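So this one's two forms of a single chain, laid out as structure tokens and tagged structure 1 and structure 2.
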Structure 1
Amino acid sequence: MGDILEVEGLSFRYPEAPRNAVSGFDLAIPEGEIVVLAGPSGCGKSTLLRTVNGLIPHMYGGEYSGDVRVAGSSVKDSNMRDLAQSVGFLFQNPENQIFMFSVERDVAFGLENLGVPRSDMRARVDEALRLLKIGDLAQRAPHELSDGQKQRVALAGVLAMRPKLVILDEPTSLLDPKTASELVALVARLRRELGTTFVVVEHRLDLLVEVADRLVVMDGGKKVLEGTPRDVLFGEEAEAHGVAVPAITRVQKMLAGKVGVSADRLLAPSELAAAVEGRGA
């Protein structure tokens, strides 16, 4: 399969900003991967995502150079309506993404804008509500929901569009631990069942590294590390770039090559426990 997302020599500077928010960035993501984007606050993660969904350069002024292509089309030459069909986007703050008077109408909002026929719309909204387990909220008013529920409503609206590429900006930041791990399981399932590609900005790497194919670390607007989660997190540099290496990974690193603990892939906590207890990794 080809690359669904290609970023080539991308630089962007917000109007009057003293320096580039993204600088000389290159990235190629094959269709169907789950990619985690990490890095310290202010390093340019959200800005990079805005260049993928087209908010940059279509809605923001600033200095833009290089190219971003989604499914082969340059974002800068595409219109926002076409981009909305190929790139699903969950904002860092779901308040920015909720517009309607009922959850159901909200989830249908993007489909209505695309002119999807009524009967299809019903099925797609129901499916999205079911995937996110919020069918019981369908008639509620979004503004009276909890932050975590709002987050799920916003994500249901994204998934109802069935985009090939979904970008999520800190999707678990408002979720309790159980809902957060359910969200990660959902991401893995959608990739498996629909072949959806995900680019996820996430600080809580412990949640995502087990399902991610690739971990990209940014610092100061530049890409500083890229590889499998195992290679990046086992390396010496991740911590220097402010990446919170999960405790379980640090333990595996210390035990690698001893007491039956392998170092060829990241082990889930249960696998590490099994290896240490001699039940085989």
Structure 2
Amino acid sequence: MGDILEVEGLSFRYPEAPRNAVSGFDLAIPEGEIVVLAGPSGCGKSTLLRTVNGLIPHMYGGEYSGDVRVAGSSVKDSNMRDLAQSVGFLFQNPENQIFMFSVERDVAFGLENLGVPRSDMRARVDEALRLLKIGDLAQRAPHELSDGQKQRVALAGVLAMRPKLVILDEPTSLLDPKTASELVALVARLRRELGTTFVVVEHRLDLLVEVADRLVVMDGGKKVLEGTPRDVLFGEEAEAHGVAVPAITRVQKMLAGKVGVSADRLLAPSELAAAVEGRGA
């Protein structure tokens, strides 16, 4: 398998802006990876995402240099219709992309716009509803659903398009901890079952460290850190760039000298629980 996303020397400046929103950015993501993109507000994350789904340069003007390729095709040389079938985008607020009278119609909306044959559309909608385990919601009105259910409906609409790459923009920001954890588990399952590649912009890193392959940190429009979540979060520079080390790590450090838990770099609650249970055994 090759790289599904290739960003080479990307720089972009909005009209009248005093400086670049993104500068000299390079990134390669192989098929099937889960990559988390983090960094302080205004660091360039949103601009980078717009270059991947084609909003830049097709809908936002400005100074653009470098190249972004999805599945080998340059975004700036592709039309938005083709890009919509290669790159799926789940907005921070699912209300922004569910607006039909039933869940089933919402999931089918993108396919209808592309003129997908009705028999194929029926199969793809059913498949998406099954994958997201929301078949029982098919005839429900979206406004009747919980935030977590709305998130699943919006994601089903994205997956029905069968994109090669899915971008999730702050997907847990409106969710309670339990529902947020369920969404992260869903992402891991879809990667496992479908081989879907995910780029996730997220501040609540403690939810994703167990499933992410890589963590990329941006600051000032540039990529400043990249590596496994464990390597990046325990490096000396992470917090200096506005990235918070998961709370469980601080708890682990406090417990290390009291209950004999090792000072190994633990990131997830399950790792701490295993360390404490191991000590008790």
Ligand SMILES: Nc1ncnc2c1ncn2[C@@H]1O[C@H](COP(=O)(O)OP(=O)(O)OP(=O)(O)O)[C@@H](O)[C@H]1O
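Everything numeric here is computed off the predicted structure, so don't read it as measured data. For clarity, a rigid core is taken as the largest C-alpha set superposing within 1.5 Å between two forms. When a residue number appears, read it as a position in the sequence of structure 1, where counting begins at 1.
- Shown as structure 1 is the form predicted in complex with the ligand, with the alternative form given as structure 2.
- Hinge residue for the rigid-body motion between structures 1 and 2, chosen from G88, L183, V125, V243: G88.
- Comparing forms between structures 1 and 2, one finds the smaller rigid domain rotated against the larger by 15 degrees.
- After superposition on the rigid core, the Cα atom of D136 is displaced by 5.1 Å between structures 1 and 2.
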